[in-house]
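First, one chain by itself in structure tokens, the form predicted on its own.
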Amino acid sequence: MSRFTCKDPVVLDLWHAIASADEAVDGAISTTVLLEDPVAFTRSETGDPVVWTYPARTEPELPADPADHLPVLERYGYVWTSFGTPPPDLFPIPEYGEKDRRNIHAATFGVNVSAPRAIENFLDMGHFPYVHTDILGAEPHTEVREYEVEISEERDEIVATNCKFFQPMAAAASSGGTDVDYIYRVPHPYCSVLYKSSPLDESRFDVIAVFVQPVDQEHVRAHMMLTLLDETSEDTAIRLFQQTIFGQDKPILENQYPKRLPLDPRAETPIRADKSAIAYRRWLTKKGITYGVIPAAA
């Protein structure tokens, strides 16, 4: 029997982002909550992040025995850990390593919703004109055009392509409205990576990733990472733009009912704009995910 509160073996074996890399500081212990259990982290004298669990309502102390440390990775500007036996590495985001890009931790948002609901919202273009009016969408440009969705067994991810949507202000560097090309990836049950045509280079994409940390089944911390071709906008302006977008999403997410994502295809009525969401729910079902969802009836 697992010593952790979460009993979902699939979720226990995942890598989970728990903090931006800047929050892990040598000589200082920081804390958070992952899957309902308290987690502490710091950096060792060699500069490597160290993560461990500790009893609730106690002061965390760095375990002397490395066997008591959790698995840890530092990727894409974040510290990742796992309560189980995770894969050797994370899903690839090759753009992060391109030398002409700016990699920015935009923000971490606390949201009263399940991790799968947060990811499903990230995949939804249909809400742009109504929630992000005059920024990511505007009436009368409300139609979600036909797009393609693939569940890749080889790469173990969902990919949505040929996504286009008119946006009045697609990015902090945008100077006017335009049709924006999107590619959505879901390479992890609680993470999504969005490729968005760059206003500065039509042949390449900006990348916006959301790494959702499940605090419990109905609360998350959403870490937002950007890798951009924008060389002119100030970091503050870029962060403010993304924080504005997420701030508009947050009340919508928190008013979702139920907060956990129903996996039964009959639970919520799908429309064409929900093709990615339908594929995502099927993918979670096939994986046997039970944490943060309402599983389909047998």
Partner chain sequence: MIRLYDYELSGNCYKLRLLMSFLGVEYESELVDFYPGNRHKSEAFRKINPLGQLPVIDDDGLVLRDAQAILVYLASKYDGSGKWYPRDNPDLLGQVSQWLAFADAITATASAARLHDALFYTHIDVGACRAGAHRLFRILDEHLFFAEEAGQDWICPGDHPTIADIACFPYIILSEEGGISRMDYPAIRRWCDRFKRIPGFTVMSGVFPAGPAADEDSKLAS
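Note that the structure is a prediction, hence the values are computed from the model and not measured. Positions refer to the first chain, counted from 1.
The next section is about a form of this same protein that is not shown, the form predicted in complex with the partner chain.
Here the chain stands by itself, but in the predicted bound form one stretch of 63 to 71, 238 to 246, 225 to 233, 49 to 57, 238 to 246, has heavy atoms within 4.5 Å of the partner chain. Note on the partner interface in the predicted bound form: the residue among 106, 183, 180, 90 having a heavy atom within 4.5 angstroms of the partner chain is 106. For a residue to qualify, one of its non-hydrogen atoms must sit within 4.5 Å of the partner chain in the predicted bound form; none of 117, 260 and 295 qualifies. Heavy atoms of residue 252 reach within 4.5 Å of the partner chain in the predicted bound form, making it an interface residue. Under a 4.5 angstroms non-hydrogen atom cutoff, the partner chain in the predicted bound form has residue 112 among its neighbouring residues. In the predicted bound form, the partner chain sits within 4.5 Å of a heavy atom belonging to residue 221.
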